[in-house]
Structures are given as structure tokens and as C-alpha cells.
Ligand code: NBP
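Take a look at this single chain, the form predicted on its own, given in C-alpha cells.
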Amino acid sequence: MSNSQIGIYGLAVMGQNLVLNIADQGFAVTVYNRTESKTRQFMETINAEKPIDAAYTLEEFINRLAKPRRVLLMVKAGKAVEAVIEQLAPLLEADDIVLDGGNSHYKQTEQHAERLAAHGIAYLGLGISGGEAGARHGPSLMPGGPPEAYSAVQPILEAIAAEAQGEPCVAWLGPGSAGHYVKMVHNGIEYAMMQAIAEVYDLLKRGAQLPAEQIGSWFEQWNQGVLASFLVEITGHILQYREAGSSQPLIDLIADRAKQKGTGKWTSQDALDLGVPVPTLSAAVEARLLSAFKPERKRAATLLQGPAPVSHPPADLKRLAQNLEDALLATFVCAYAQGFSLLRFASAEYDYNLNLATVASIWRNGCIIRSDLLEAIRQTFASPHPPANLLTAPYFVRLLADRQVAWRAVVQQAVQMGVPTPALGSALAYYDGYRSARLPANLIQAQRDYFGAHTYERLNEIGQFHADWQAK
């Protein structure tokens, strides 16, 4: 085969499934992997009638692509992407297009784009969400870069993307690194939602002494209502899963150390650089870091005191279930609000000109953070006068007002039980902080002026002021 419409470099799980997805839509694909045996193994598993062929050298790979060439990199972010670009650049020509489908840091995306642009080669940062199943059957795609380059690959990306209400979950998001930045924030929100779910599980398992399968059934019920989302759905499945021949839920045998690949941390770091509060997203990152301190936590468990363990389930399980559902929903809303707030500021800082309604639209299906809430979020940002923060949109004002009492009850009960809730608690603090017309920052400014003469502003006069605080 020659004149393939796209080439895929990298045949790990995501790469393989994207190849099959693209081929199923009728596009001819040429594949290449650094390890030749991996390529041969993949080719032996596919139907010979699919429009897929393989190349075993880079030159062969590039020569089999129709011009202008379209090359999708499905390799590990960081040094691997740099190495592949180093190899490919001399073989490509002006007007060719390279798409980076990994979780590259947005600043590296800018560097790669600048380097290739000097040779007339376009570079698209392509955020991909949905995991293995999404890649195979329809992911959410977040491309950013030159708009003309996106137009050249748009038919392929729209064909393979998930759909929501008949619309493909892909759209050009903006220039430069816009796509990878949006994917980074997507992952930050994902961290927060996963942590909040884990805290609800912990409250029920450790705090209320309920078995995993019963907790799983609650998540299944919640997924039928306003909490309907991918993460709530799979949590219900996970908590009720038993290995063949086992009488114990698998979840009870999994080590309590959560790993991460860095995108959540990058989100928190950039939010700090931009001065945008994302406390729930950051709390989720820190919770994963704390989970890694397993030996220290085991020792501390023998030394540090807490409340007496719960010996039996609460009497009113129905009320507990409703409160937890409300608290989890409110925390999800705050996680989305923080993520979209960061996107708004980043868009202005980096000249992305993001359309937040479009971002919400392409997250409605295919991606890990998909939920029924995203349609209301899309409508909110598509309105003629979108709010600065999602929390102040009329729909979400009402939603949170109806749930804030239950939310507070959950956080209070967690404190009394000694169960940590960094996501649920930080989201509530964010809500209370954002709704406060006056915060105690006036005291902080006075302290800064006292020890460092940093000055302060007054409510009754314009200007910067300094007080001689030690004068008698």
C-alpha cells in the first residue's frame, strides 16, 4: 500500500486502538513502531482487509504517506517525543503535518511547533481522552495549532471522535499549544473528580463500615441521576468486581498508593503562576503524593490519635446516601468551575482565544470527565453574557444552594470520623471563599505591612498606605 492518508508512529495500546478506529472509518493508515517485532505482532492480529499497512524503517514509513503527509505521534511525552521529532524532521517537507497525541507539556509543544515551523512543517498538539476504549470507539479530541493544519486533518479527526447530540467531540481550540493546555486542565479536573469519589468511598468503607459491594450499588444508583458520569459509572463496577473464584472484592486487595504522570501537577503549577485558585485540583494532586508515603503512614497510624473507629453503620443510611450524593455533585461542580476559570485566564495570557462552550461541548462524550453536567456547562458559556465563574451561573447557583447543607454535613461528619476529605473539604472552602464579599486578607496585608512595609490599600481612601505599627 502507498499514499496512506495518515501515518501512526507508536503502537502501544492507545496507538493500536486509534489505528483500528481510523481504519474502520475508511482511511488508509501506515503504522510504524521503533521496535520492529511490535509492528509485526500488531499486523498479525488485524484483519487483512483493513486499510492498514506497516513500515519497518522511517524512510519507508514517510514515503508511504500521501502528500502533504500527516503523521500522528503516539509516543510517551517528553524526551521520546523530542527524539522522534529529531528523527522525522529531516525526512519531512514543507506543508507536512505532525500531530502529537501524547500528554506533552504545553511549553514543550510550543518549542516543537516553533522548530518545525522553521522548515514549513505544521505541528498540532492533540489532546486525546477516553483511554483504550475511547481510542478504539470514539475519544474526545482537543487539537491546537495552525488552523489550516487542523483543516487538513479535520475529516479524519471528526470521523474517529465520539459524538454528543450528533456533534463530533472534536474542534480546533486555538493556536499554538491550546490543545495540549486544554488536555492538561482536563486531567487536573479528572484528578479532582477521582479524589472526591475516593473520599466518598472512604467515608462509606472506613467511616461507616459498609462493604464494597454495597457501596458499589450506591454508585450505580447515583449514576442514574444528576451524578451520571463516566467516573461514577466505572466506580460502581469496580467496587462490585470479584475475581473468578474469589469471595473478596478485588478493590480490597489493591495497594493504597496512587501514581500519576504529571499532568495534574502541571495544572496546579500553572495555576499558581497565573494566580488562579484551583484548590480542589491541587488537593487531589497532594492526596496522591501523600498516598505514596505508605511506610510513614503505617508508622504514624500507630502513634497519632484520632476519634474512635465507627463500630457499626449509621442508623439512617438513606440520609447518608443522599448527603453524599449531594456533596459529590457539589464538589464536581467546583472542580469544573476551577478548571474553566483557569482556562479563561490562560486563554488571555497565552492568546489562545478559547471558546469555553466549545471546550465543554467536546468533553460531553468520549473523555474521562464526561458527565451530564457538561451540557449545562456548555449552555452556560454559550449564553450571550457568560459568567466569569461557573458558580455564579443561575443554574449552578440553584444547584449548589439546594445541596450546600448536605455538603456541610458530610464534611463535618468526615472530621468527626477522622476520615480525610481534601477534595470535598477544599471544594466547600472554595465555594465559601468565592461567595464571601469580605475575607480576612485585610489582616494578612496588615501583617505584611508590619514586618515588611509592603503597604496596604484602604476602604475609605485611594492609594497605597504604610502604618508605623510599633508607634506608641
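Numbers for residues come from their place in the sequence shown, where the first is 1. As the structure is a computational prediction, the values presented were derived from the model and not from experiment.
Keep in mind that the form predicted together with this ligand is not shown, yet the notes after this line are about it.
- Item | A80, heavy atom within 4.5 angstroms of this ligand in the predicted bound form | Flag for A80 set to yes.
- Message: Residue-level contact is defined here as any heavy atom of the residue lying within 4.5 Å of this ligand in the predicted bound form; does K38 satisfy this criterion?
- Response: K38 belongs to the contact set for this ligand.
- Message: So in the predicted bound form, is this ligand close enough to V75 to count as touching (4.5 Å, heavy atoms)?
- Response: Although this ligand is absent here, V75 would touch it in the predicted bound form, with heavy atoms inside 4.5 Å.
- Is G131 one of the residues lying within 4.5 Å of this ligand in the predicted bound form, judged by heavy atom distances? Yes.
- Message: What I'd like checked is whether A12, N33 and G101 together line this ligand in the predicted bound form, meaning each has a non-hydrogen atom within 4.5 Å of it.
- Response: Yes: A12, N33 and G101 each sit within 4.5 Å of this ligand in the predicted bound form.
- Query: Which of L231, V84, A122, L400 has a heavy atom within 4.5 Å of this ligand in the predicted bound form?
  - Reply: For this set of options, the contacting one is V84.
- Task: Determine which one of 102-110, 237-245, 157-165, 347-355 lies within 4.5 Å of this ligand in the predicted bound form, judging by heavy atom distances; exactly one does.
- Result: Checking each option against the 4.5 Å cut-off leaves 102-110.
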